[in-house]
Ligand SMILES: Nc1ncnc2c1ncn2[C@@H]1O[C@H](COP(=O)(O)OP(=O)(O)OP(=O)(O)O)[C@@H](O)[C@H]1O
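A lone chain, given as structure tokens: the form predicted alone.
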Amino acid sequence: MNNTNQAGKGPILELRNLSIALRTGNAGVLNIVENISFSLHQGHTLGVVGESGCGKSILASSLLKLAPNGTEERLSGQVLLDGHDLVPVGEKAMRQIRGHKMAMIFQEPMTALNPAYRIETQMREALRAHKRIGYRESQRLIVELLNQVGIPQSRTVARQFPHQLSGGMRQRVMIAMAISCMPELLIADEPTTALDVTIQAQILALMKDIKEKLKAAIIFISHDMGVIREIADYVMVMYAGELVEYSPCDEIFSRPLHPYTSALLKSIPRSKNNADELYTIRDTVPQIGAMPRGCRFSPRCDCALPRCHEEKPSEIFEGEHRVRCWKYGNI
């Protein structure tokens, strides 16, 4: 269950049976994520993959205790950051952790950046939240950070507004803000989804470079298994709020165990020539509050057994490879 320990150090992040529920005004309490456990060490990237609606983004935002607007978040289990449990930590203390100990890169920077303020103003605010620095020093750091993420003419860009930048440039600004206080943990929520293939490759290369320079741990969320293969050391496959498979990256691509993982891998486009024959998984992810009785993937699974529709499978372990499926009494 735990990643390989580096130099005798414990994990930067460890989740123990984390469950997430949201209280909303109309729908009451909704159970979004159930019993997620994993650990992540310095210098490793965990890829979290699954279709839209599988709970990936809620999991990411909950680590920072950023509940969606209009909801109240309830966490159970443990979220251990450097061995300290964040579940009971209050909002005031979390403000000191966000951006400093761990930071998030959002999917759409145009909604994360304030359109009314220049880039330098927003970056300065992020720096001053955790560092006691003056205007000149902050200006020097802003230019340095923008250079670090590959933004040309960084002094000019710093004085521009978000709408004046391309999507790739805005994403680089978001990455610069996220690494400004050198966090131990970076959470990237589908940071390449809205970008074209060329810019996507540049952002992935930048993320790899940042991991090497900062020696940070990264959680990289995506629905694209091809992207995950490029960036991740470990892969966690989520379906309908549950962890269904976890493995070192190479192993999950060479020996996928869960039918859902296999289906995701089949969905990767192989070439332009067979684009019209792209494999699709039938039906959709079940709605929150209307989960199947047994395995949550069973209504869409081509190899479901009778018990799959009635009984919820437990996790099966083989070293670092874990799977939740009735196909495996023993791996």
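Each residue number is its position in the shown sequence, starting from 1. Computed from a prediction, not measured in an experiment: that's the story for all the values here.
One more form of this protein should be noted, the form predicted in complex with this ligand, which is absent from this view; the next part is about it.
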Answer key, this ligand contact in the model of the complex at 4.5 Å (heavy atoms) among 296, 65, 56, 44: the residue is 56
Assert contact residue (this ligand, in the model of the complex, non-hydrogen atom within 4.5 Å, options 304, 30, 268, 281) equals 30
| Would residue 230 show up as a contact with this ligand in the model of the complex if we use heavy atoms at 4.5 Å? | no
Within a 4.5 Å heavy atom cut-off, is residue 22 in contact with this ligand in the model of the complex?
yes
Might residue 223 be said to contact this ligand in the model of the complex, defining contact as any heavy atom within 4.5 Å?
yes
**Report entry** residue 190: touches this ligand in the model of the complex, heavy atom cutoff 4.5 angstroms
**Finding:** yes
Partner contact check in the model of the complex: of 259 to 267, 35 to 43, 56 to 64, 296 to 304, the stretch with a heavy atom within 4.5 Å of this ligand is 56 to 64
